[in-house]
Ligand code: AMP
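Here you get one chain, nothing else, as structure tokens; it is the form predicted on its own.
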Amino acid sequence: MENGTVLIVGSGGREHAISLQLAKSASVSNIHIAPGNAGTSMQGSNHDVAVDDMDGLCELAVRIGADLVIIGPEAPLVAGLADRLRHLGISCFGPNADGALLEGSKEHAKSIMNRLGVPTAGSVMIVESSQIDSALDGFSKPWVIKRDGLAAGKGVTVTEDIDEAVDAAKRAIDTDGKVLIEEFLQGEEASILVLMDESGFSILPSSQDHKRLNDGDRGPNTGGMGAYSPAPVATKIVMDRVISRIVEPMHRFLSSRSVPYRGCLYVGLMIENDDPRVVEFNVRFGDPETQVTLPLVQSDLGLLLMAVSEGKLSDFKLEISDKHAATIVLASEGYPEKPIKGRVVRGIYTEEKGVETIIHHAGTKSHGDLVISSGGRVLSVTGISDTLEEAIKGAYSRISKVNLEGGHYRRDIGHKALET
């Protein structure tokens, strides 16, 4: 790809991180984002086309002459956007609908892992409310209740309160017709982003996300309040086991499908005593993990993702920086239940001396010269440095200069890594 035209589908921090990295790519001349945010408009052209508008996205890709479409969120992947784009002869980074079922259905993912012997938590899927009590009796506290389908990263309840567990299970059955009750895994979490096509796979730097809203991993689950990379818990021993027990079996399976998997396989892990087990699979770049991994990629991102989309990843030499990155998410007042939107965000363009920092826009939109909050997770600040401690310090210094009425962020991102 030379002087390439790329369309990014999505509007979050992940998509802004992708657009920033593509802006550095010698292979890319034109960047389009649908629908985008205030940040992506600085790297390319935003288009007011929603991520669930399949017809509109396909028409846009044809109209701009897209050489490559990068699909950020999970919903359009599960809905078959990649299938439609490939049918039009447009290269696409993201799996077809069959591959996307790994995220679209917890039941499907569990069946694949069990068939392949991929280590994961024990679980039971139930479809009747009358089965809830006996299912919960089969697991020790805390109970893990998971909705089967897509839930924007908020479909998991972890609780030691039996009433809360029963209520979550009933609501899931009422909504989806089924619910997954799962064994609670002890240990420390890590996220692994695996670029994959039928020719091979490449692993990006490990990271650790912070899902809980408040310091000390307290409060409700969110889409992610911050992350850092690489994660010390993902040692060489752990990664060797991840590759042999998880990635290689999944690659063999996914590359043997009638339409091979081409995109990112996100592997969410729980690690205890160097023993990795899969908590979940996602079928796209994670958010906020993308914000800390892509800045560490030194290769031309346009060429890299095009290679995956064409099934030629094995021919590509991936180069990774040895630096560290940390990102802190600034959330709206009321997030995650009822985020308050429409407030002015100030201080975004204040420069930080010393440590390299990046503002990744997420729930933002432009209003004249102002940036207005338009979502629950408004933006994140990513610090990059030779040490994790310096990266975290730089990110916190920069985010302290951003002002959003009612805005809040965790003060302990990366604390587990610093303690080790």
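Just count from 1 along the sequence shown to find any residue number. Everything numeric in this text was worked out from a predicted model, so none of it was measured.
Although not depicted, the form predicted in complex with adenosine monophosphate (AMP) is the subject of the following passage.
Remark: of stretches 306-314, 156-164, 93-101, 129-137, the one touching adenosine monophosphate (AMP) in the predicted bound form is 156-164 (heavy atom within 4.5 Å). Though adenosine monophosphate (AMP) is absent from this view, in the predicted bound form it lies within 4.5 Å of a heavy atom of just one residue from 318, 239, 340, 185, which is 185. Screening 173, 121, 247, 204 for any heavy atom within 4.5 Å of adenosine monophosphate (AMP) in the predicted bound form leaves a single hit, 121. Although the partner is absent here, residue 270 sits close enough that one of its heavy atoms falls within 4.5 Å of adenosine monophosphate (AMP) in the predicted bound form. The shortest heavy atom separation between residue 262 and adenosine monophosphate (AMP) in the predicted bound form exceeds 4.5 Å.
Heavy atoms of residue 84 never reach within 4.5 Å of adenosine monophosphate (AMP) in the predicted bound form, leaving it off the interface. For residue 323, no non-hydrogen atom is located within 4.5 Å of adenosine monophosphate (AMP) in the predicted bound form, even though that partner is not displayed. For the partner-free chain shown, nothing in 287-305 comes within 4.5 angstroms of adenosine monophosphate (AMP) in the predicted bound form, judged by any non-hydrogen atom.
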